[in-house]
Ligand SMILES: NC(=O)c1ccc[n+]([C@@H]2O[C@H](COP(=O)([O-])OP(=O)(O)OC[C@H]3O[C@@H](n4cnc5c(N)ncnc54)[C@H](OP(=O)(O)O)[C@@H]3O)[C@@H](O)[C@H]2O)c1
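Only one chain is included here, represented as structure tokens and corresponding to the form predicted alone.
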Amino acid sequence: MERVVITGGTGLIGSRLKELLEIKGYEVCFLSRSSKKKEDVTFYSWDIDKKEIDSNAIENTDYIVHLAGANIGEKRWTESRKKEIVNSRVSSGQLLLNQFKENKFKLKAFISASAIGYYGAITSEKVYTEEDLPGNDFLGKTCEKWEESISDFEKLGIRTVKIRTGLVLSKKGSALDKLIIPFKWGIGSPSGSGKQFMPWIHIDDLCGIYIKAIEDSKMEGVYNAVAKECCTNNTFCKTLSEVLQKPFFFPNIPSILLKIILGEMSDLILKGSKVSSTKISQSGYKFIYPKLKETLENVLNVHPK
């Protein structure tokens, strides 16, 4: 039985990934600083600030899936929060890297989360691919540092994969939980111009990509994890209203209002460009949920009449 250790495993993605990996016969453990324990999973502890880690977590481990990092949309982006977002990603990656440098543990692959924020908070008609340069803003620089923090795994001869993720749609615990509230009340509307793109992915497809990265030894480097169907904020909101069978006639939420409420974090909502899924498709991955309407019907448990 091959062993997979997931950092940040108690979160939305890690929890679902654990379920799907165990169905396929993998042993799954979590590396976490959380005090929460679950009977159905083995926990190992680490303290990123103190640079401490239980070596049992990575000794005799076949794969590491690195998902750890502060939630980028949880709190307003104050300067201290920005540092926390960056450090939680960079320091955790460096801590893992140093363990492998010092102990020469064997590992079949190191697979790390990243985000399509790598391309920056920009609204344009350009379709961004894995070959494009990072954006020159907070999101772009954060993702660039995030990816650089684990690049040296490649120098150790460890197959390394970086998964740049779009908006994750899930039955619970995703950003959709907050987004959907006004739509349930029948007052949902697009944000800002509504022309910004919202690259998205169903959580099972995202986990499927992680599993493929584990099992496919040919996968190396960076892959965008977004569905083939790319839509604008306006189309997303209109489709959401349709699935919920709610009206869709309210005026767009003004950009200035969102900027006042959210500050710089409003970039997550007000900006966005197209992101290509061609590379992951060419690797052989077949999307389970390629269409937005069917995806929303699934995660919202709505059965079309």
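All values derive from a computational prediction rather than experimental measurement. Each residue number is its position in the shown sequence, starting from 1.
In what follows, reference is made to the form predicted in complex with this ligand, a form of this protein that is not presented.
Looking at Y119, you'd find every heavy atom of it more than 4.5 angstroms from this ligand in the predicted bound form. In the predicted bound form, none of the heavy atoms of S283 sits within 4.5 Å of a heavy atom of this ligand. In the predicted bound form, no heavy atom of G272 sits within 4.5 Å of this ligand. Within 4.5 Å of any heavy atom of this ligand in the predicted bound form lies no heavy atom of K279. Taking S149, N233, T165, T160 one by one, only a single residue has any non-hydrogen atom within 4.5 Å of this ligand in the predicted bound form, and it is T165. Between this ligand and the residues D132, D216, E229, E84, the one pair within 4.5 Å by heavy atoms in the predicted bound form involves E84. Listed stretches are 187-195, 86-94, 122-130, 103-111; the contact stretch with this ligand in the predicted bound form is 86-94, by a heavy atom cutoff of 4.5 Å. Across the proposed site, T239, P290 and L296 without exception lack any heavy atom within 4.5 Å of this ligand in the predicted bound form. In sequence order, L67, A68, G69, A70, N71, E84, S88, R89 are the residues of 67-98 having a heavy atom within 4.5 Å of this ligand in the predicted bound form; the partner itself is omitted from this view.
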